[in-house]
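Encoded as structure tokens, the following chain is the form predicted alone, with no partner shown.
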């Protein structure tokens, strides 16, 4: 019996969506097949189904609140099931701070719950013989104060199929009783007591264990595999070789690890990598794919006519996800069917690409999401799922694979590096007259799409192509405007699709082919571009001798942008003072403050951050003492969840700003553990983090997961300049770079 047959027999109300209303239907037939968002059983219990998964960001709580609110039941009455391809709708990726907007604004979960609420009112009206206008829904029942009927009684063991109604009225924030409340994550007790079942805890009867053998150098391919080198090892089940993919399966994890280490594999030499010291200069010289985001066509003339012209270059390295626990997956491939347990952020794309890898029909592959270590992008979760699937198919039994720390860090899809040139002209009054932006960034692979398993290392080793890189120059004229990379500065005018006053602007990007796998890492491109924009804005303010907050106000027009800037300044007790400061001490520990603001992705959340930091001028060490963040993400569904996202983003952003950088030698990645990749686990002092919430109950919901991390590096760099007069334009702000900048003042 499948789920639909079970529901029909048990008596439920199914609220589905009208497939014609959903653009995704054309791309994903599975969306039309999995048409259940809500199940209200005859006993009144409610189960909601979502294609947006809980990664630790709190979206599960917010989605439960949403359903409970629209159906007028307590939070505890709702059970949420998410991201299981046998049960839940296909909502593509859980990424990009889009989960909240998708289910709160659009024709998805929230609208399904509203449709269900209206349907129940109509059923109650018929049962009670009273007009809908006289009825009220509360606590899972509908009545008029003297007579009532429960949701379970209304259904009477029957099932109703309802198309989602786009006209069903949503409950306004002024009437919220569940949404808007700081409800805690119900998983917390299990999480803090070590009882929560992560992907690493999945166990299947008869499960074996696998390990992979990755190439020793970038671009290396297999010459030969000598299986006799592991012959007779205790517990070894099989050596699996498919093109350049190599793995072993054993009875126990340690046995698999030993076999992988002892297996004699001959590889080609791979390719020579560019010297890291010359890497940024080399990016500019590679064949590029050029894209013009905006072009007012008068930037060069405006720069020539400016009273003063400034230029600066900003550098950002490859950075890795560096998840605390290495990626893990379990696969059970039996004949023509497969079940995969995965921490992927896209179960439906994992389903289709795994089917291609295994040579199975998509309908015979089920992917079940299980929470893994923190990701926020593309760590090894997708590639290790392929590893487990291939090894399971080879032995016909369930196989669990957990990557080693080295394999996780040397072969994940890194957040891309960037070189960014900025030029701007100031008029006689010190206002910005023109802004010119040009960037270079390497790319290779990414998150697997519906049919691109070659976007990650395992797919490529199995022979699936990585989408090719095609240079293009010159760039075509700007197309439909989109600023999801935040390449366009917030301060350009509306004609240049910004939120400010600058009428003359140009944004030109160059994508070049990467030697390493790349992909989204929390706030991909947005963080790098905003670091350059907001640090350059500070440099322009310093040249104009204008207070950095006032200088931003002067160049902004969007009232919501101004509100978050002013809210952060107020919370930080920001008082204008001469800028740049004079009489700065050249020794000892000094303190400074810095500001940055952005409209994330051009339309997905307003935020401003002020940091207060101290710099030890003898050692180059930086200590961030205070972070003040003001956020406007529309109506706030859960203020506790919002604060958690802001604080977590700020801490991850500080880790990336202060120490994280992928390193390599002539042939391979060398940052392969916590000693060679300096991340949050190796420690820094945790600052005081204060979050100011600017609630907009009448606006659409926006994302919060990537707002604070987008700004933290810029605000910190600006604080260092305020404290010392030294400008840092390269991430990370290591003590060595700080001391070099101090010496160059």
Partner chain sequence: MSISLKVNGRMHSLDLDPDTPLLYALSDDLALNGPKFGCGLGQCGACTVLIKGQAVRSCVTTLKAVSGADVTTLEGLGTPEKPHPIQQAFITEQAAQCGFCLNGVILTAKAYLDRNPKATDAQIQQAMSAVLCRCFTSSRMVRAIQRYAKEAK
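All values derive from a computational prediction rather than experimental measurement. Positions refer to the first chain, counted from 1.
Just so it is clear, the following notes concern the form predicted together with the partner chain, a form of the same protein that is not shown.
- Considering the partner chain in the model of the complex, the lone stretch of 456 to 464, 250 to 258, 544 to 552, 343 to 351 in range is 250 to 258 [heavy atom distance within 4.5 Å].
- Listed residues 106, 643, 170, 447 were compared with the partner chain in the model of the complex; 643 is the one with a heavy atom within 4.5 Å.
- This chain is drawn without the partner chain; in the model of the complex, the residue among 397, 289, 371, 242 with a heavy atom within 4.5 Å of it is 371.
- Heavy atoms of residue 193 reach within 4.5 Å of the partner chain in the model of the complex, making it an interface residue.
- Put simply, residue 677 is close to the partner chain in the model of the complex: some heavy atom of it is within 4.5 Å.
- Although the partner is absent here, residue 326 sits close enough that one of its heavy atoms falls within 4.5 Å of the partner chain in the model of the complex.
- At a distance threshold of 4.5 angstroms between non-hydrogen atoms, residue 55 is in contact with the partner chain in the model of the complex.
- Contact with the partner chain in the model of the complex holds for none of 110, 434 and 560, as no heavy atom of theirs lies within 4.5 Å.
- Taking a 4.5 Å heavy atom cutoff to the partner chain in the model of the complex, none of the residues in 446 to 469 make contact.
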